[in-house]
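Below sits a lone chain in structure tokens, taken as the form predicted on its own.
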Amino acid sequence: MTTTAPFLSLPVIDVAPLVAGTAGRDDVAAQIGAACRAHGFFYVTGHGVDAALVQRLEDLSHQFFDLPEETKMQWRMALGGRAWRGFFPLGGELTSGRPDWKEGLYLGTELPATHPLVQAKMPVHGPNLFPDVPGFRETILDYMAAVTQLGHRLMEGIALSLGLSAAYFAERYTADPLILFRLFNYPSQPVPEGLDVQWGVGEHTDYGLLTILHQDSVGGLAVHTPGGWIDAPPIAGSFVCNIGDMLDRMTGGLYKSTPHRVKRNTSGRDRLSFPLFFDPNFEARVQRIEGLAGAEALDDSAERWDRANVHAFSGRYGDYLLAKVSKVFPQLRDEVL
């Protein structure tokens, strides 16, 4: 059972001044900083992403996930090769070694087969496998573009909250960010007999810098704050944002990557969730932010869900990512990498 602290809730921040670059930007940044110090999660409103675009993506995603599984398997991840794109069925993704009770479509920045990075066979770069649902491709690309732009603005706010120049992360890590995008569907149905699935997604932290999540009206997200597990229910017109392991490392633990999980969906209708991961460039060398007050970089591996010490990592972000993702899709790792 979830031990929920009902008196706690995540902050809701109107980021319109940050998005527009107008007066009030510094106040928004201070609110983001307070949220990152407290528990690493916050909602954003005033983000400028078209509500009609979000609704269109929901509608088309339902159309796709309602297709028979054998039809959806025409776009299975094994066909995406090193780009790690495509569909996976229920139980096809692992968290902490256990299958998640969800199906999904893996997407990312659209790169043609002729792109130099694709020609160089760089993992997690390449063309997407777009299902044959009318309007789906264009809607996915428009949504990714809009939320990626929001990611740039939010990282400016995070930089300002740390007393850095607004361009700090863009200059070092995210001028060309690694964008990974997921469409997840959590069916509402009993767990098959003999399958050990306690959660829609088990406890985990995210790997990179910033996750920007749209969740539909069903909900189910739970966050492990210092005060205990709390729910992060849907708020219409908002995104839920959380920081990842690499921002934890960069800030020496001042901004913590917070564990979270998703409850098994028993609502009676399918649940949609769209996380976009705004991460450092694959080749970026993730470093501590020099001179950052209050950053102790303590080894907290004994308390972490995966027993990992993010502060001990050194090297390319892409190597860190591949090591993590390979645990999520071990069969694909063996086949592709």
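Don't overthink the numbering: it's just position in the shown sequence, from 1. Being a predicted model, the structure only gives us computed values, none of them experimental.
What comes next is about the form predicted in complex with a small molecule, which is not displayed.
Contact with the small molecule in the model of the complex, judged by any heavy atom within 4.5 Å, is made by just one of 125, 256, 264, 260: 260. Taking 115, 152, 224, 204 one by one, only a single residue has any non-hydrogen atom within 4.5 Å of the small molecule in the model of the complex, and it is 204. Within 4.5 Å of any heavy atom of the small molecule in the model of the complex lies no heavy atom of residue 43. Contact check for residue 275: a non-hydrogen atom falls within 4.5 Å of the small molecule in the model of the complex. Shown alone here, residue 169 lies farther than 4.5 Å from the small molecule in the model of the complex, counting heavy atoms only.
Contact annotation for residue 271: at least one heavy atom lies within 4.5 Å of the small molecule in the model of the complex. Only one listed stretch (170 to 178, 79 to 87, 130 to 138, 204 to 212) carries heavy atoms within 4.5 Å of the small molecule in the model of the complex, and that stretch is 204 to 212.
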